[in-house]
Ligand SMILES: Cc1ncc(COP(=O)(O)O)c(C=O)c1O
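This document starts with one chain, in the form predicted alone, laid out as structure tokens.
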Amino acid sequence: MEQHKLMIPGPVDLTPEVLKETGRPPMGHRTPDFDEILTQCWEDLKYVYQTKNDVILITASGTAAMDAAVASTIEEGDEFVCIGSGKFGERFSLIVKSYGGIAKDVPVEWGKTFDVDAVEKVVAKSNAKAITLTHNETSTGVVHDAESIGKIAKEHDCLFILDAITSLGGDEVKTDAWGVDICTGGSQKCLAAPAGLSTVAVSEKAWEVIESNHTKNYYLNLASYRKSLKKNTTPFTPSVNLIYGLSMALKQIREEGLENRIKRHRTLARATRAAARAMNLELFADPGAASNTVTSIKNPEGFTDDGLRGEVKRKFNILMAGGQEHVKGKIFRIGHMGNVRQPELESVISALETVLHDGGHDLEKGAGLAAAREVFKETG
């Protein structure tokens, strides 16, 4: 099977060291040796989350962590204010409704960020138990101001549930400083680990709600995970080999340093946006709220999705992401998260330039690559 270079917002390409770890022989998941690996993972995750809170590790996708966050805190009829910033922000609303809750939606135009006053008004008029937000919305390429929502949640004494699945380990996620009560993450995004694991950082305030809640779920009951956490284990059989890979990926984050890693992602984002403008392409996300882990770009006139992304994939073996929902076929997205560095970004920019040029797009060939390199030069 042909292996494509992944320039999408997850899953991401893995380092040889992480891949090697996933191929190790499995060990018993109820043994001291495995407990030691889990304990180190939890400590490393606290470092990435910038938290002193408990961090739960679940063998499931990031959506399961979102589901667990809602299901473990909600009672039928509870009101949750859901900031609908894109496909994944809107997913919170669907999860709330699935458990019999009332979603007080704050609509946000795709490609834009929310209006703080609008959120404040909805919260003030509601009996909100929690506010939900997707921090980095990969469907739109927008990163949102989570800190401002933390302040609103504190003012109204409600929980703040943050989906940081595509920002954790790649952008600033200050769980404690921002007042986030439940913060979710996913393994296959900026953490650069194999897909199939999700994480949840839980504050003491959230634990009080969770442990008094009549939880309607079983596998994703966060209270069960806390009981096992105290015994340095998990309540159910974890994916041993995926955790091997996660352990190595977290070790590599430690070695790079979180501050350096965030700087690298932000430099990649700046370089991508500069290249797009130099190639006479229009960015989809508002400039002031552009994501640092994925860049969304409008399809140029005269190019279909297959004629652009498809050609890049066929000719250069590089996979970019397309648009979702109502922007499908209208935008494409370049993921620059995880292990992406200057050579990988330059390869996709060069490929994109060639396909655009050959397809008749008005651009100066080489301008995109030059613009990106200038950003790398400026940042050292």
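From 1 onward, residues are counted along the sequence shown. Note that the structure is predicted; figures quoted are calculated from it, not measured.
Separately, the form predicted together with the named molecule exists; it is not shown, and the next lines address it.
Considering the named molecule in the predicted complex, the lone stretch of 268-276, 181-189, 300-308, 119-127 in range is 181-189 [heavy atom distance within 4.5 Å]. Although the partner is absent here, T166 sits close enough that one of its heavy atoms falls within 4.5 Å of the named molecule in the predicted complex. Although the partner is absent from this view, H156 stays clear of the named molecule in the predicted complex, with no non-hydrogen atom inside 4.5 angstroms.
The named molecule is not shown here, and in the predicted complex it never comes within 4.5 Å of any heavy atom of G323. Interface membership of F88, defined by any non-hydrogen atom within 4.5 Å of the named molecule in the predicted complex, is confirmed. Taken together, the three residues Q40, T234 and S239 lack any non-hydrogen atom within 4.5 angstroms of the named molecule in the predicted complex.
Residue-level contacts in the predicted complex: of S72, T132, T175, T138, one residue has a heavy atom within 4.5 Å of the named molecule, and it is T138. Checking Q50, S350, Q342, T63 against the named molecule in the predicted complex, a heavy atom within 4.5 Å turns up for just one residue: T63.
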